[in-house]
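Shown below, as structure tokens, is a lone chain in the form predicted on its own; questions about how it binds or moves come after it.
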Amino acid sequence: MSRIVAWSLHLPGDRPATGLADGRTLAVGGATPPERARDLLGRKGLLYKEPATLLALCAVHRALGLPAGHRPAVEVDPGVAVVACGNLGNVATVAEVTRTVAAEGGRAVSPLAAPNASSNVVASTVALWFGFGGPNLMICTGATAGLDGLAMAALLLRGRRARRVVVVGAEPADEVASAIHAAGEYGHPLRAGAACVILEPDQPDQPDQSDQPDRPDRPDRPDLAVPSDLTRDRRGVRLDVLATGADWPRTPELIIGPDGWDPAAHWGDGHGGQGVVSVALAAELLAGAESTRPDGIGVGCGPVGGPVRRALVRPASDGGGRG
């Protein structure tokens, strides 16, 4: 089990979440679309960044609580890992590069566009942008990629490969990605969006778990550097990703996903990023629920008619947290 210390939902367009089991309506909107990412991230460094990468950067920027329009001062922190989740983020670039090579040869491909053909481009760009110097991984495992990525993040924490893991899920909705998604018959149309969940070890008093040296205290650190303390909720929110195919130990009253209130049916399918979107939504609901759900909120992800992966998002039982 890991502790969620910060999260964000970055879903362009107004997306009211109505019909939740407790009758609440959660308004999700106001997120900048990828073509206006400069409003949030600043103007420099965005040339040739793809929509999925821009959405992921925006989601992480918001989860870190950074001010709009400014890029953080980069101070590489080897104790922070990145796990990005998505399946279709660069398929449009891969298709375009392939067409260009076939028609005009490899020399016709722009050296600025070519790196976007790497499947790891979202994770590596987030790591470079924010100075996260730990492991960076891209999870592309289909409809369960978001929860698979969160499980991988927990493994990195347990294995002391990082003391904090930034998990971001993002998908675009360009013509190529939408056509591939539609051919997969996932039941709901693909939508562009991203979400970020930041995890730390469950024991708040546990010393630094990274094998790498921690970043020293820097009282003179620039104001726009990545903050060291992210805890948004003193009560804390915990995450437990169940093994693939495992059923609920006890069925939660509120489930977000195919077994309950399904964001894909209301907002469109976040596909490989859906698991991160759903966990961030559950954390947001718990943070505003004043612990009225001691059993937490269930999250499920999976293809239509296929195996579902599940996770439990719960309030901290000890009422402790940090902050």
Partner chain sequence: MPPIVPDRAAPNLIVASVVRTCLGDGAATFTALLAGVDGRAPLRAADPTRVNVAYGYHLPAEPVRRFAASDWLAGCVSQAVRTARLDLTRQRVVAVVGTGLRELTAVEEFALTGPPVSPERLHFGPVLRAVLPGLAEVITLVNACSAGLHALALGQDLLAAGDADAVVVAAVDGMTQSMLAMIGRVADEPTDRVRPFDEHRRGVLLGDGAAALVLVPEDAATGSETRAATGSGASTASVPDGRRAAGPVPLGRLLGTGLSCDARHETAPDVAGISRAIRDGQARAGVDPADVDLVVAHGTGTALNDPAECEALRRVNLAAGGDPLVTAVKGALGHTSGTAGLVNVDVALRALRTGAVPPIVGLDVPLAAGKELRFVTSARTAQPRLAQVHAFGFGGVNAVSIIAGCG
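Residue numbers count along the first chain shown, from 1. If you're wondering where the values come from, they're calculated on a predicted model, not measured in any experiment.
This protein has a second form, the form predicted in complex with its partner chain, left out of what is shown; the following refers to that one.
Undergrad: Does at least one non-hydrogen atom of residue 249 fall within 4.5 angstroms of its partner chain in the predicted bound form?
TA: Flag for residue 249 set to no.
Undergrad: Quick one: is residue 181 in contact with its partner chain in the predicted bound form, heavy atoms, 4.5 Å cut-off?
TA: Residue 181: contacts its partner chain in the predicted bound form.
Undergrad: If you check in the predicted bound form, is residue 238 within 4.5 Å of its partner chain, heavy atoms only?
TA: No, residue 238 sits far enough from its partner chain in the predicted bound form that none of its heavy atoms falls within 4.5 Å.
Undergrad: Is residue 142 one of the residues lying within 4.5 Å of its partner chain in the predicted bound form, judged by heavy atom distances?
TA: So residue 142 counts as contacting its partner chain.
Undergrad: Can you work out whether its partner chain is within 4.5 angstroms of a heavy atom in all three of 49, 107 and 271 in the predicted bound form?
TA: Looking in the predicted bound form, the three residues 49, 107 and 271 all sit within 4.5 Å of its partner chain (heavy atoms).
Undergrad: Suppose contact means any heavy atom within 4.5 Å; which members of 76-100 contact its partner chain in the predicted bound form?
TA: 76, 77, 78, 79, 87, 88, 90, 91, 94, 95, 97, 98, 99, in sequence order.
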